[in-house]
Every structure is written in C-alpha cells, then in structure tokens.
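Before any questions on how it binds or moves, here is one chain, the form predicted alone, in structure tokens.
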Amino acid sequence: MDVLLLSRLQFAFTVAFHYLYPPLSIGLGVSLVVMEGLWLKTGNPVYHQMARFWTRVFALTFAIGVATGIVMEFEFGTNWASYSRFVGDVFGSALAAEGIFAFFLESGFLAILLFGWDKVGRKLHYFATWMVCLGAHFSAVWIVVANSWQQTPAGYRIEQTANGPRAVITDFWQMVFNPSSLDRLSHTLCGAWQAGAFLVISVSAFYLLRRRHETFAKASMKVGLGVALVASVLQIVTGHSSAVGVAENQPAKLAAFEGRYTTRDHAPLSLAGWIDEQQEDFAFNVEVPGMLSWLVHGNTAGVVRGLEEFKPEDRPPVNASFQFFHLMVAVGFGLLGLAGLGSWFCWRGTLFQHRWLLWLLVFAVLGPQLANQAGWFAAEVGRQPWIVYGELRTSDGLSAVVTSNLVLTSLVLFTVVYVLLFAVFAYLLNDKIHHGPDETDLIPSGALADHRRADA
C-alpha cells in the first residue's frame, strides 16, 4: 500500500481513538462543577454523592486520554517530519501554551479533586474542581487553535531554509485568533459538553430502568438533561456560524460538504444524497431549494461557489466529505431532539414513567461520540489535499525515510494496543457503573455544617 495512505490512516486511527476521551473529560468537568455547586448551595447529600461518583469516572477518562494522546506527538516526528519542520514554530508555541496553561493547571489540581474530599475545606475543593474543569477547556483551546491554523493560516510568513520552507510566526495573537479558531473552538466545546452530559444521562437512565439508586439517578438525570439541552442548542448555533466561516475561508470544503460542483445563486441545501464523483453529480439527492444560499448569505440570491472553480487536484474527496458532514448534522439534530424531549417530560414529572424514552437515553451516549468523530473527519477530509491550507500539501508533509512496511507494522501494533486499552477502559467503566455510587458518600447535613464551620 501507498505510504501516504498508510500514514494518513495511522494518524486518523490514533486521533479518532484518542478523541473518544478528551470530550468526555471536558463535558464531565462541567457536570462536576454543577453537581458540587448544587451540593454546596443546597446541602442535599445526594449532590455530594453524585459529585464523588462522577469524579471517579472523570479520573478514568482523563487517564486514558493522556495515555492515548502522547502517541500522536511522536507521529509528527516519525511519519510527518517535513510537516513538523514546516509548522514547528507555530505548533511549538501552541503546544507549549497547552502544557503551561492547560495540562499543568488540570493535573496540578487533579489530586485535590480526587483525594481532597475529606482533607481540605469545601471551598478549596470546589475551587480545585473549577480549575480541573478550566484546565481541560484550556487544553482544547490550544489544540483547536493549532488545528485551526492549519485550516485558515494567519499571522505568519514563509521563510526559506536549507531544509525547505518553514512557517514563522509574525503575530502570535493573529495566529491564535485566526479566521476559524473561535468558531471551531466553540463548536468543539459544545460537542464535548454533550459527550459528558449524555454519559451522565445514559448511566442515570440505566439505573432507573434497573430500579437501582433511583434517588441518585433522578438527580443526575436532571443535571445531565440541563447541560445537554444547553449544549445541544449552542451546538446548532455554533455549527451554523462555523459553516458560514467555511464558506468564506474554505469555499472548496463547503462545496464538498454540500456536493456542489456548479457556482450558482439560489443554491439548494442537500439533506441527504450520494455523489457520483466520476459524473460530478448526485446519484440521488434530497434538497431544499435556495436554502444553502440563505444560510450562507442571509438571502436566497446569494452566490455559493462550486467545485468547478477549483482545479481537480485541489478538490477534496467529495462524497466522503458530504457523508461525514451530513452524518454530523443529522446526529446533532437528533441529540437536540432527545435533550428537548427528555427535558420536557422531566419538567412535567413524567420522564421516569416512559421506559421507551429511558432506553433511548441509555443508547444516546453514542450520539455525541458519533457526531464528534464525523465532524472531525469532515473537517480534515474536507481540507485535503492540503495539510496546511493553501501552503503545504499533505503529500509534501511526509517523512522521507519512512517506508510503507514500517507504517503498516506500527499501524497493526497500535490497533492491537488500542483495542486492549479500550477493553480495559470499558471493563473499568462497566465496573464503576455496576458498583454504583457509594452510600457512604451521602454526607448528612450535620457533616456539611462541620465543613462550613471549618471553612469559616
């Protein structure tokens, strides 16, 4: 097999596997802040029990996320040395900022979050919970900034060196706030909030169906649905904003997302379809007339650029981009519907009577992961053939000395190791769920009063 294809498959596999865990950590961090805050505000011991149980799950996702993320940094040097030389100045700054402002913050307060429940005051512990949550978010900030620079590079100049061209930062903040970074960051964070919230919802629904830990499950369900509904609404808003930015900054990508080969006004919005790339047309298509122009420009007369304006060698894989993008959108609207339906029944006090809905909510945990993966693949496939948009082609970013046999061997080994890691994660998560919350975590109100007096 071709070394370029194998290297792309290897990196895609390692990123996809790693990306299962950071969204859960970020989303669970938000839920922990809400749960512990409710405990401190109300004194209800169930919220304390919730916070401690979900802290254990958070620790598991954090540990696996760190372990799987390290591999990608080595791949930059082994498989993508030319790319690393080109972006080293940019990525070095962003990844150093992540280490200083995100990873150290998160890991520094993690011990207090995990082991400080009975050893520090409640205010200090809640502060640690906030810092771990913020650290997880800051980590996403710098990773998304680095990746967004690849999509819409800014604040740099190209410098010729003995080893080839190299991007050098000329304006750090222009690099950070490149044209796509804020849209992509907000969209990514909303997806992470959904991932954490729907995990809380799924486990709570499972307990309710099994009639176990019902008081705990009902309280967790309400928190999870609240976070999920807010995140799902914001996900649609940020997704639209991000798509408008793609239309402006990466028109070939938007054309691929919508399967549009022809530049035209009154451009229709495709709801579903299959694209014949040889014929440069849909094999079948379900569309809404004029809707794409309206979404991009605010009026149906707006002109949307088609792939015909770009050389064939500069076009992304059209059908793959189309399918990943539409899968993400479909799942996103499905999650919004589930969050809205669950919140409606919960507000009416009838949610726990509808077993069919509880079963849907059990399996809804897969939705955010599917949408996050599809969105990430759409963004990366749609950027092709560029690894840095308009500056460096993916084929030019490869290491010169890596052979297809080496990449294939490492890909097989990574697959085996990652399958084992996922099995360990699934086993430990299943064990924690079946064990359930500890009854000893139900702190009585008198103990909370002792905490408050100690803080005073």
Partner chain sequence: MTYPEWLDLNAVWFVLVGVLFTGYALLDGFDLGVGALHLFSRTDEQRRIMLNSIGPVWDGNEVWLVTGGGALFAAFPNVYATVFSGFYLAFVLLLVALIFRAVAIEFRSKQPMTWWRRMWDVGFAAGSLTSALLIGVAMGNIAWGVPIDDRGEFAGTFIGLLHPYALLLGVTTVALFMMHGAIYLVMKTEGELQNLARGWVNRAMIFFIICYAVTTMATLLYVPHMAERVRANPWLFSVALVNMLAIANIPREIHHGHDLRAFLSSCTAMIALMALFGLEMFPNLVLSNPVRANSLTIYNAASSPKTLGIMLTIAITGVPVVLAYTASIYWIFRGKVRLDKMSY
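Positions refer to the first chain, counted from 1. Bear in mind that the values here come from a model prediction, so they are computed numbers and not experimental data.
One more form of this protein should be noted, the form predicted together with its partner chain, which is absent from this view; the next part is about it.
Contact with its partner chain in the predicted bound form, defined as a heavy atom within 4.5 Å, is made by all three of Phe76, Phe115 and Val407. In the predicted bound form, none of the heavy atoms of Phe345 sits within 4.5 Å of a heavy atom of its partner chain. Using a 4.5 angstroms limit between non-hydrogen atoms, Lys119 touches its partner chain in the predicted bound form. In the predicted bound form, at least one heavy atom of Asp171 sits within 4.5 Å of a heavy atom of its partner chain. When its partner chain is considered in the predicted bound form, Gly226 lies well away from it, no heavy atom lying within 4.5 Å.
Only one listed stretch (254 to 262, 179 to 187, 93 to 101, 288 to 296) carries heavy atoms within 4.5 Å of its partner chain in the predicted bound form, and that stretch is 93 to 101. The partner is absent here, but in the predicted bound form a heavy atom of Leu124, alone among Val303, Leu124, Val362, Ala330, sits within 4.5 Å of its partner chain. With the partner omitted here, the residue from Leu341, Val233, Val71, Ala320 that has a non-hydrogen atom within 4.5 angstroms of its partner chain in the predicted bound form is Val71. Residues of 35 to 59 that come within 4.5 Å of its partner chain in the predicted bound form, judged by any heavy atom, are Arg52, Arg56, Ala59 in sequence order.
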